[in-house]
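Just one chain follows, in the form predicted on its own, and it is written as structure tokens.
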Amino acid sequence: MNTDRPESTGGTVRVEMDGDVAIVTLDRRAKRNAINEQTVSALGQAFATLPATARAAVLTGAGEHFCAGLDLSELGETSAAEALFHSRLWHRAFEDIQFGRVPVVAVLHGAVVGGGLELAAATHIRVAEQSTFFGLPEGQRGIFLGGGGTARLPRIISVSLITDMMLTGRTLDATEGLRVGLVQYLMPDGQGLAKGLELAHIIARNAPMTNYAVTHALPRIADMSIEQGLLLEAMTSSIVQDAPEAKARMQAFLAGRAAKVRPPE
């Protein structure tokens, strides 16, 4: 992997480039990458200001864990108003991930807990290593999800499973995470980043407008009535296929210069 010089964003997040893929790394390894206010602000800034050459991104965590969630030492004696504004800070940062300029592949290992799972849910493709475990210990901490998990996680896994995890402290291992749809890929320990980069480089070769439509229009269509969804689909399709790159790709396919879809190996 040949990466350009890393850039630091707020001291707890690193951004570097591998060709046209941005690698965003949480780096609070002494805290198991638990997220404090500085870190969530840095995450939002990193994804809102990705280099112009980036066509996909990989999100991962330094050290033994992806992210152990909210840094609980920040809560202290906060007022309801302060907690509200803190939650909305997370919402804005994670919006910059889910509805940013490029698709994001998360590479997960170790703890993906609480706010860490909320962060992973804001990405588009999730790769887990065997060491990964998932938890929502809010019930045991006397708190509630505040980073968008109640909105995003039920669109990935069932409300009944989320309820179980929050009420009982149940954790899922990587194999269970794959089975219930929390992740799309499962890799041996130490091989997750290579797989994440492989997927991100495949994504980066797509037409940018198609990638944008998949990450922005598809989830919104899924939340609409059929009639509204079909209209947005038609409008999105017409805009995407009108892009010069889309027309060039279609001509290449018709001329027999593009690869055909093959069955899985």
Ligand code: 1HE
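Position 1 is the first residue in the sequence shown; the rest follow in order. It should be emphasised that the depicted structure is a prediction, and the values quoted were computed from it without experimental measurement.
Here the subject shifts to the form predicted together with the named molecule, a form of this protein not shown in this document.
Item to complete: Counting non-hydrogen atoms within 4.5 angstroms of the named molecule in the predicted bound form, say which of Gly196, Gly69, Gly61, Gly44 makes the cut.
Response: If I apply the 4.5 Å criterion carefully, the residue I get is Gly69.
Item to complete: Although the named molecule is absent from this view, report whether Phe144 comes within 4.5 Å of it in the predicted bound form, heavy atoms only.
Response: Output for Phe144 is yes: heavy atoms within 4.5 Å of the named molecule.
Fill in: Any non-hydrogen atom of Glu129 within 4.5 angstroms of the named molecule in the predicted bound form
The answer is no: Glu129 has no heavy atom within 4.5 Å of the named molecule.
Worksheet entry | Non-hydrogen atom contact Ile203 with the named molecule in the predicted bound form at 4.5 angstroms | Ile203 lies outside the contact set for the named molecule.
Worksheet item: Pro103 near the named molecule in the predicted bound form, any heavy atom under 4.5 Å?
Response: Although the named molecule is absent here, Pro103 would stay clear of it in the predicted bound form, with no heavy atoms inside 4.5 Å.
Item to complete: Could you tell me which stretch in 227-235, 207-215, 29-37, 47-55 has residues with non-hydrogen atoms within 4.5 Å of the named molecule in the predicted bound form?
Response: Result for this chain: 29-37.
Worksheet item: Who in 97-136 is close to the named molecule in the predicted bound form, meaning a heavy atom within 4.5 Å?
Response: Stretch hits, in order: Ala111, Val113, Gly114, Gly115, Glu118, Phe133.
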